[in-house]
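The chain below stands alone and is given in structure tokens; this is the form predicted alone.
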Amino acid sequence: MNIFRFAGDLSHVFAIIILLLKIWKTRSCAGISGKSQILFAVVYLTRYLDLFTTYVSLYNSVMKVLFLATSGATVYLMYVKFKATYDHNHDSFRIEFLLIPCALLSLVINHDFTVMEVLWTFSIYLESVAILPQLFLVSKTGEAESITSHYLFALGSYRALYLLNWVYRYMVESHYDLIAIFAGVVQTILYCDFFYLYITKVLKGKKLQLPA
């Protein structure tokens, strides 16, 4: 644990809270990609299967339970409780184009060819691209609500902070994980245009618009 990882975890939790509050308070899923939320749920399910078999720390266990519970709650709100407000037409990204390559890559490039390790690797690869359906939705509709923009910024900040965590761990502990670092770099790159627009528009009170 270090300040960058802790700040990244807080940013991640903050992003989830923003999303859930947005859906619950507005009673609407407008502007939110259900497909991205399904992908994130798959990420947590495949990554945290060791919840009841491997104990690291109370903090670690609490965070695992939190991410599993909130991702399940988000999917429930979008596909059950507020299903009528979900924009199926614009949320049309083909997620099989992400799931299949990530699955194949995890079988080929991993640290150890065991079920748990392959699933963990799959979750790392999938998380790096899970936001694509959301960015595709924003691009297709042409703009995003401020609250949705805040959610995306917090989520992108989480991954950027985790990259700093890997740099810190390498410098202090001489520890590094090339798979996690590569996936983190890819994920951060995907957010670059969004970060620029968020800083130049949203923080100045303007609507965020992505090129269609």
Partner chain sequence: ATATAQHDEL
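All of these numbers come straight from a predicted model, not from anything done at the bench. Numbering follows the first chain given and starts at 1.
Not pictured, yet referred to below: the form predicted together with its partner chain.
Although the partner is absent here, residue 93 is not a contact residue: none of its heavy atoms lies within 4.5 angstroms of its partner chain in the predicted bound form. Using a 4.5 angstroms threshold between heavy atoms, residue 146 stays clear of its partner chain in the predicted bound form. Its partner chain is not shown here, but in the predicted bound form it comes within 4.5 Å of a heavy atom of residue 56.
Among residues of the shown chain, residue 168 is not one whose heavy atoms approach its partner chain to within 4.5 Å in the predicted bound form.
Candidate site formed by 5, 64 and 175: every one of these residues places a non-hydrogen atom within 4.5 angstroms of its partner chain in the predicted bound form. Stretch-level contact check against its partner chain in the predicted bound form with heavy atoms at 4.5 Å: of 74-82, 130-138, 95-103, 117-125, the positive one is 117-125.
Of the residues in 145-163, those that come within 4.5 Å of its partner chain in the predicted bound form through at least one heavy atom are, in sequence order, 159, 162.
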